[in-house]
Ligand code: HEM
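A single chain, nothing else alongside it, follows as structure tokens in the form predicted alone.
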Amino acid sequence: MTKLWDPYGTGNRPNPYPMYDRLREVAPVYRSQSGDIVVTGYQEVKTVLLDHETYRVGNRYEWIERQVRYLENREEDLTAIMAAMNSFLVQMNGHSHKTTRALIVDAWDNKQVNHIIKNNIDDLLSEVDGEFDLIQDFAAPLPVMTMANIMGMPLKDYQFLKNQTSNLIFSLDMYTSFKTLVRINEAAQALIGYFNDYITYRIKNPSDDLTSKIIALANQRDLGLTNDTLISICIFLFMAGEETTINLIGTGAHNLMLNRDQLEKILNSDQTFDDAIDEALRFESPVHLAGRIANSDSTLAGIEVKKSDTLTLCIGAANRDPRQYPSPHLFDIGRKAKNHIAFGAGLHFCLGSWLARIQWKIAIKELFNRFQNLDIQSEPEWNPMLSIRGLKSLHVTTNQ
């Protein structure tokens, strides 16, 4: 008998939507064989996201901490992962979340962002010709270069930073093997070392970059942030500003190439771009799974939720719930999908959503205006993660 919740099942990684549909039809809130509560319905997922009193974030950090402490007793030191993650906004609750989020929001502005993105795109696209990998040669390096510029780091370091964050991002995945934990820990150690040196430099040599502004504002507000906390905040900003944007650009471009009539519409009218971004986010949500922990007993869609129960929120499933979006498996920029929850909802709504949207718009415009006959050359390869959905490779040809 086919398991309803089987994310590792054959075919479910590259295409999890049939599994999501089966789950939602049986129960939009479902207690799985592992005991976790899997939520696939749009209204049910949104209810949990908005109710921060009943449901808290942090189950990934708590799971990582249990694994690290267990392995520590077996003389395996993976504590760098916890040090890197200690101030990730997506794992924080209450006052610490509110204070840290306010610090970042107030320090971060969009000055020069369009100029930075455009220059990076020009540099990347000037290097491609004929056949190229749209992900590895364009979508993947662009957000890394952009965040390096915004945070004031030398652009020459972007490849090192990309390599490390590509491994650390697995710390946010649902299930992680020991081998992967070791790889995550090595990346965490490398990033902690890098950002420790960089923050030390910026304290002595402040500039107009985001890192300098965060340091200055934290001191001005007398927040008493330790160097370890500043390092974790910077690692999170760099990683969060990168991975989801890579996936949004990659899957968005892929779906537009599969729907040429809609590509023509957005290239001929600026007004349709916002609708196209929302549909791209709804159709292939970059963050597919999110976690919550129940703070108290409750009931969700008729299912009893006990205190300390873990919930897996299927963002990708919710954004294709036919009760919310008719013909949900159809990519349609005319559906006005502004109420999607690809960036979350409530207190933990993605604070970098504006940057992801700007990069997508400029990247798509520049890519397809420059290469108007861009075609898919071979079947795309999806990345192996469950929680973060995106393409690992997409070979295209310019056909000029």
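Everything quoted here is computed from the prediction, not taken from an experiment. Numbers follow the displayed sequence, beginning with 1.
Beyond what is shown, the protein has a form predicted in complex with this ligand; the following relates to that form.
Here the chain stands alone, but in the predicted complex its contact with this ligand, taken as any heavy atom within 4.5 Å, falls in 93-101 among 177-185, 122-130, 164-172, 93-101.
The closest heavy atom approach of residue 41 to this ligand in the predicted complex falls outside 4.5 Å. At the 4.5 Å threshold, heavy atoms of residue 245 reach this ligand in the predicted complex. With a 4.5 Å cutoff on heavy atoms, residue 343 counts as touching this ligand in the predicted complex. Proximity of residue 350 to this ligand in the predicted complex: non-hydrogen atoms within 4.5 Å are present. At a distance of at most 4.5 angstroms from this ligand in the predicted complex, none of the three residues 139, 144 and 390 contributes a non-hydrogen atom. Think of it this way: in the predicted complex, this ligand has a heavy atom of just one of 311, 117, 287, 276 within 4.5 Å, and the residue is 287. Screening 283, 108, 325, 195 for any heavy atom within 4.5 Å of this ligand in the predicted complex leaves a single hit, 108.
If you take 32-52 and check each residue for a heavy atom within 4.5 Å of this ligand in the predicted complex, you get just 49.
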